[in-house]
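The chain below stands alone and is given in structure tokens; this is the form predicted alone.
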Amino acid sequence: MADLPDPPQSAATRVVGARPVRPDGAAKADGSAAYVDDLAIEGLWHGATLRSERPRARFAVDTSALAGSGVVCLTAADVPGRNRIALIADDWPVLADGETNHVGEALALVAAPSRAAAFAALGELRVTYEDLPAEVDLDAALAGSARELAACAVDHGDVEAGLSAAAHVVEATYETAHQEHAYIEPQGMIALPGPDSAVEVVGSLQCPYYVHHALVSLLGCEPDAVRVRQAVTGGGFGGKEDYPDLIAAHAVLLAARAGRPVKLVYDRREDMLATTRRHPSRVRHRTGVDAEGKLVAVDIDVLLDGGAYTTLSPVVLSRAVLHAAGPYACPNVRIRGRVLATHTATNGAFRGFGAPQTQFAAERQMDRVARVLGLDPLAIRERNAYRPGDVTPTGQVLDESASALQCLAEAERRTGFRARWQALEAERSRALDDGRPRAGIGLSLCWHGVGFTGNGERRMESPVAVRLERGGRLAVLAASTDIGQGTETVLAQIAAEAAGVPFEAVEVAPPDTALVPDSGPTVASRTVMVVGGILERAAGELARRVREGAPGLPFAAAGDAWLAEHGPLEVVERYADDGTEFDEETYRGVAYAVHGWGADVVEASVDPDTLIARTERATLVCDVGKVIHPLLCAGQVEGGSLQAFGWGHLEAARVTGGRLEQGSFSTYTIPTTLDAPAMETVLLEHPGGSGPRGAKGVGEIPMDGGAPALAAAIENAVGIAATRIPATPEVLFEAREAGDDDG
């Protein structure tokens, strides 16, 4: 389709780049927004889940105590059809059947007229276990059966020849731990049985069509028999991408057996015990550089802990591998990636999904290489950062929107990083043992591919519709969900500007599989660029037809004239194939249509005695292509960065014997306002890709740079080069004892 002409614009319709008030803001602020647990439904029963106490065991559940009680109880034997959640692989059971593979796995379900009665019924169930050998971390998996959940690889050039010719070869291994999503609202679903075996589900979720697909597969029914609606959702960060499939299945099975609506809502303890977390990682680097510090070869091995079942591990690994070499040009690259199964709760999607783990390793490795060469952290990055025209390890040629150097330059301009880093290095070398906190400053550079990897967007096609309503109003129909990030607002802005109508004239339909097309999941930073780009074309085309039908009339009058003469008008557009290719077997070709870029500078203080670190200030430079809503965009950058700082030095998710030790926010430490540094957010605009006005994604890239920049600041302050995060005092003391310091 040809490019559409720009619609007539006025101050009222020029809304991209403006800051309209969020339509959902008032209800969330005054408490009237109805989350899942707020929904009151006549005749509602409450569900509860019996969970495994063992990491791996054969088991049997005795339900005889509930016979005749009126309470509904289900085990794997009651699952209709195949006892599996339809996702990437075929290994995730709806209910464990005779063998459990992680602590917290669902063994049985109950439903009763009240929540208290449901939990009392759980107490009547008796479980017998026969323990089996369990592998509860990567070391155990490597020493044991090492069941592989996913694998992929990238090859570019001749790595062995490059390493042989290098002036220096630097080797190191880096590790990252679990991270809890810590969304403000735990998981929750309500299932409402309908006539003729139809079912409706309303819940806290990111991807309504994922849940719809899983339920159609589970029930073996026609798609029209399942309706999935999103309730107001209190955060997701990826944790409500895959797991809602499982809790929805549980709620639906209970509702079908009870013959009435069933609500299944977790408390925080259950949510932290049983749901997905970020994949722990172990990444080994061998890096060859020439005498001037230019990369000549990199050899990287990526290992992720997938937990008990596959779920989304293949896509997490894919992104981890594709980002593993960092935003740096290198003629010879070899990357090998694997996900191993362990007998722990399944790990899944989490903001950045895979890229933060491997970019932490890549950035810390660049700092290590710089020290070997006697260069400062900015110099090593300036010499190697991608430029337009450079070729990535998959063979993709980067276009003019590649802005790594501009991000670095802006970070240096605003912070004076180089001079400050050198001054603090000198200060550390002569510091007195006076117990005063030591200051440090760290730098990171990151990139993040936007949208699905490779051919994913072409396969989805992602239909988005815009419908004309009376009075010149527009209804946007898309499956993208608002989970707190402002999707409803930015989609309305995009449609309004494309059509040349006021922001207030656009209404975004609620994500409901009975109302909106499957425009894809709310993941992979794709909402603005992919869905927004399609929406821009659909809204523009609708406006063109309306205006051509009644030239000279105001849009509202022209729209009513169209409806009177022609009847309903709805324009559907789909993802436009840009002609690029990606081979998913060889990992060659265009992996991502466009990349976001960022540079973080973090200033920290570290107590030299306790090694307690604090983030004091952060300068966050992020190229988002085009800013749609400045306040919401900056909020994504700052929120994602704070999440990264927490992962970098506070959020010690301790898993012992396969069980997460922490069960609440009183024992699992996430950053509070007292831990948040002063932040300066700088939004750069280097348009690229098919997004509206060249907008790129922003939801995930802030997760990539915060942790390595903080670790670098700690090293600058006290000389300890942490290779493992979170860099708690215990981790830093261990690194010091191991000799990973220079002062």
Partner chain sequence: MGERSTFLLNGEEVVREGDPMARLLDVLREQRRLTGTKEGCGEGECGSCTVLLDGEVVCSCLVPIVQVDGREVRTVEGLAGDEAHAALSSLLVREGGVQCGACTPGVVVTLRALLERDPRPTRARVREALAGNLCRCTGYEGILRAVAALVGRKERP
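Positions refer to the first chain, counted from 1. If you're wondering where the values come from, they're calculated on a predicted model, not measured in any experiment.
What comes next is about the form predicted together with its partner chain, which is not displayed.
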If you check Thr672, Ser197, Thr610, Thr128 against its partner chain in the predicted complex, which one has a heavy atom within 4.5 Å? Thr672
Ok, Met679, Val61, Leu683, Leu66: which has a heavy atom sitting within 4.5 Å of its partner chain in the predicted complex? Met679
Ala291, heavy atom within 4.5 angstroms of its partner chain in the predicted complex: no
Considering non-hydrogen atoms and a 4.5 Å limit, does its partner chain approach Phe237 in the predicted complex? yes
Are any of the heavy atoms in Ala182 no more than 4.5 Å from a heavy atom of its partner chain in the predicted complex? yes
I'd like to check something about Ser145: if you look in the predicted complex, is any of its heavy atoms closer than or equal to 4.5 Å to a heavy atom of its partner chain? no
Please determine, with the chain shown alone, which of 84-92, 641-649, 461-469, 129-137 has non-hydrogen atoms within 4.5 Å of its partner chain in the predicted complex. 641-649
Checked 266-283 against its partner chain in the predicted complex; residues with a heavy atom within 4.5 Å, sequence order, are Arg268
